[in-house]
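Before any questions on how it binds or moves, here is one chain, the form predicted alone, in structure tokens.
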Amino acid sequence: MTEKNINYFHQFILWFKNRWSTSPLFSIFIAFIVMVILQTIVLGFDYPSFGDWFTSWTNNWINILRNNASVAIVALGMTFVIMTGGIDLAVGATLVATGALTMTLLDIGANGFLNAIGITGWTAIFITIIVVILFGYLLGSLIGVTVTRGMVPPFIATLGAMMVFRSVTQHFMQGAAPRVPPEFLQIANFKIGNYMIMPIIYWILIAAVMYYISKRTIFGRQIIAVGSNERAARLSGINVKQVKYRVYALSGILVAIAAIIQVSRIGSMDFAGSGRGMEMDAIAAAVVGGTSMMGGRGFILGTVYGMLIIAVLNNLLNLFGVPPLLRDAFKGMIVIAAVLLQRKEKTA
């Protein structure tokens, strides 16, 4: 290696080190690339042809993205909540509540609400989607009001909401076996080519909207201001309570959309187990993506990368045969490491 090449290499190392320490999105993207490479190596290359290998690789990624699309959408809302300095532990329970309403409205059996009044087909599906999204907004708004008007700390408010939403849903849905119409399943399972990628498309579109809100709107700037310094934001004329209320309401809307997608993808919902742990995955995706748990900093694109890292990690742990009960330990260590790196950045 010539002296000139050595200088170029040295400059690249310095540039890389500087970018790694100053740009959270850069470091998260590099971590994601490493996970992709590791995932590719683990899948192996023992295939008859490159085409067979590429097909298998593509199918694996589509399955990963489809299976994690719902929690990824929830994580986008969680990012805004955390950016204000709050937390939402009720997203999993909200998912179950909105999912239960979806299935109750669409049930093609004798107990189906819309079916009983003679509304069926795509008309029933359209009405259900609107009603469920409004219900998600209502549940998120209740949390927002509790936090802003009731002055209850977000951790306590959302912990209580989590217990209430899940308990009430399980009570009313015990013994129920609703069945959704076949048309509704096409929302998530419609094929483009040979692939069922609709949940992935919904995730990308919602992420694009959330990115625009965070970067190009007054509301996005207000979220950052409130999370950075609530007192300064209030003195500058920002309605802090209104901003906090809106992020919880928005989180409720996104959870409702995720519930619709999940019910459509699977065709059913386990009212006792669905959504359990979703709040942890959503928080993990946001934190790994560079969102500060102290508020004031967050990246929608970072959350997308963070969710991809968590999704690939789940898949790798499954491929390695790690017992299910131990998988959360790995995700927990990643979250702790991400928070420690954030603290290191602040003290540097």
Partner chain sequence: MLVELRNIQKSFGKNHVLKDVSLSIKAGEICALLGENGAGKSTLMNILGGIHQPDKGKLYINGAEVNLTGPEQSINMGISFIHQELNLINDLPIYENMFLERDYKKGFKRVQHQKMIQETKEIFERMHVDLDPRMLVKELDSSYKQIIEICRAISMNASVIIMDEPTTSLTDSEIERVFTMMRRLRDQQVGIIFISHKLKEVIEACDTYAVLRDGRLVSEGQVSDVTTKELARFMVGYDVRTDQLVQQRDRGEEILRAEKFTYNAAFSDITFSIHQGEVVGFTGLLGDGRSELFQSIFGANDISSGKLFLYGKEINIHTTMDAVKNGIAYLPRNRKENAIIKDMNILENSAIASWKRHAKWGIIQHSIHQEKLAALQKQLKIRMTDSSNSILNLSGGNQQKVVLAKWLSTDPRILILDNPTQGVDVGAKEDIYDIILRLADEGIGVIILSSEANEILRFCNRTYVMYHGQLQGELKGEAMNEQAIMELATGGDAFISTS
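This one's a predicted model, so the numbers in the text were calculated from it and none came from an experiment. Residue numbers count along the first chain shown, from 1.
One more form of this protein exists, namely the form predicted in complex with the partner chain; it is left out here, but the text below deals with it.
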#### Entry: is_contact(residue 217, the partner chain) in the predicted bound form, heavy atom dist at most 4.5 Å
yes
### Message
I'd like to check something about residue 209: if you look in the predicted bound form, is any of its heavy atoms closer than or equal to 4.5 Å to a heavy atom of the partner chain?
### Response
no
### Message
Quick check on residue 233: any heavy atom within 4.5 Å of the partner chain in the predicted bound form?
### Response
yes
### Query
Wondering, does residue 225 line up within 4.5 Å of the partner chain in the predicted bound form on heavy atoms?
yes
### Message
in the predicted bound form, does each of 181, 264 and 269 have a heavy atom within 4.5 Å of the partner chain?
### Response
no
### Query
Can you say which of 181 to 189, 255 to 263, 235 to 243, 123 to 131 gets within 4.5 Å of the partner chain in the predicted bound form, counting heavy atoms only?
235 to 243
#### Entry: Partner-contacting position among 229, 141, 104, 170 - heavy atom within 4.5 Å of the partner chain in the predicted bound form
229
